[in-house]
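Read the single chain below, which is given as structure tokens and is the form predicted alone.
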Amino acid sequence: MKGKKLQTLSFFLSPMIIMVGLFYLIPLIFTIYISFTKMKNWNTEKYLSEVVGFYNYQRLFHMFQHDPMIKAILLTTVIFVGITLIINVLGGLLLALGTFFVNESSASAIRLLWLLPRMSPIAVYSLVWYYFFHGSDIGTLNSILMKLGAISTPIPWGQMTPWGAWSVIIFVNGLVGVSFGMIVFTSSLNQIPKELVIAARVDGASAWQISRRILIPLTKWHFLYVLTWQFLSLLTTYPHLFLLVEWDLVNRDYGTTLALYVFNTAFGRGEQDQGLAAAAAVILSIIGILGGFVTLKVLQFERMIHEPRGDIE
């Protein structure tokens, strides 16, 4: 019986295993190999066969210790991932809980509104916030504040370091991430038997009590998924950041995360250093793996997947 179950499970998982191998494992192996070469400007004929050991990692760690720009990038990565992760997970959960207790038409309208940032093209969405936070009087935020008399001269929001730049990139990416959590948590809440909520209502429980005692405990699997996925996603995201930095809306040092540094080093203007970028990408992958493992441990994933007592085969 167990052998048959294993065969069935392998059959259904095989497409995903193949995709993971093609689009993650093989690129990761190539990245690790390139990190041990002096690859520059994509000159594969000259550099790909020239293995230099841990030279790129030594360069990278030396920069971590002595380069102020790299120190700013690492700090930005920690602040950006940490704060945006909290906003995305808790914001998505609160939105899902909020729309759970309103009528379906209003709930659908609210969800659609929060989905607009995710449905918008990255360039269009970033351009909206570029003009909103622009540091001159053409910026929407500055224009509103000046008309209200709150400020007399425009404020360069994204160039105010470090918290001005951090606030802009966290805000812009947070709106996109919240919608993802909202979708997952809404799906989870819709699977909870309505009888539990009705019985709690009959007993006089408030919406907060129902949320705290019934709804939130029953979404632990989805909470674990959203937290882990968003952590890994934020650690490797860079498209919105790239545009905001390239358009000079935010400070280059405090608007650049480690993921964006990898992209700029490998594909940016001037000399492109793929060896150094690959080493940084490997470090980023290790951080992601360790962070995901710690998340699963803290949220007791192993305990969650244990078979309950009394199951009948």
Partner chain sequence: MMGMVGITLEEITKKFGNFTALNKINLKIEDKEFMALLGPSGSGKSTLLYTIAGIYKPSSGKIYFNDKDVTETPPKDRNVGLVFQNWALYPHMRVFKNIAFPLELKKSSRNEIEKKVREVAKMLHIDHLLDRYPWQLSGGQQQRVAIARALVKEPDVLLLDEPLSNLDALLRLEVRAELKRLQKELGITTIYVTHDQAEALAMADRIAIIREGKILQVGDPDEVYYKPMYKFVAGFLGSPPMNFIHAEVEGGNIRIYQSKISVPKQYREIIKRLEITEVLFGFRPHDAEIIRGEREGIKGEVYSFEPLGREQIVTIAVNSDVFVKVFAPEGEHFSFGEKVTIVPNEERVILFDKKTEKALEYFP
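Residue numbers count along the first chain shown, from 1. All values reported here derive from a predicted model rather than from experimental measurement.
Not pictured, yet referred to below: the form predicted together with its partner chain.
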Of 236 to 244, 189 to 197, 108 to 116, 147 to 155, which is the one stretch near its partner chain in the predicted bound form, taking non-hydrogen atoms within 4.5 angstroms as near?
189 to 197
Report the residue, out of 138, 78, 202, 124, that has at least one non-hydrogen atom within 4.5 angstroms of its partner chain in the predicted bound form.
202
From 232, 90, 214, 128: within 4.5 Å of its partner chain in the predicted bound form by heavy atoms is 214
Applying a 4.5 Å heavy atom distance criterion, does residue 209 contact its partner chain in the predicted bound form?
yes
Taking heavy atoms and a 4.5 Å cut-off, does residue 218 contact its partner chain in the predicted bound form?
yes
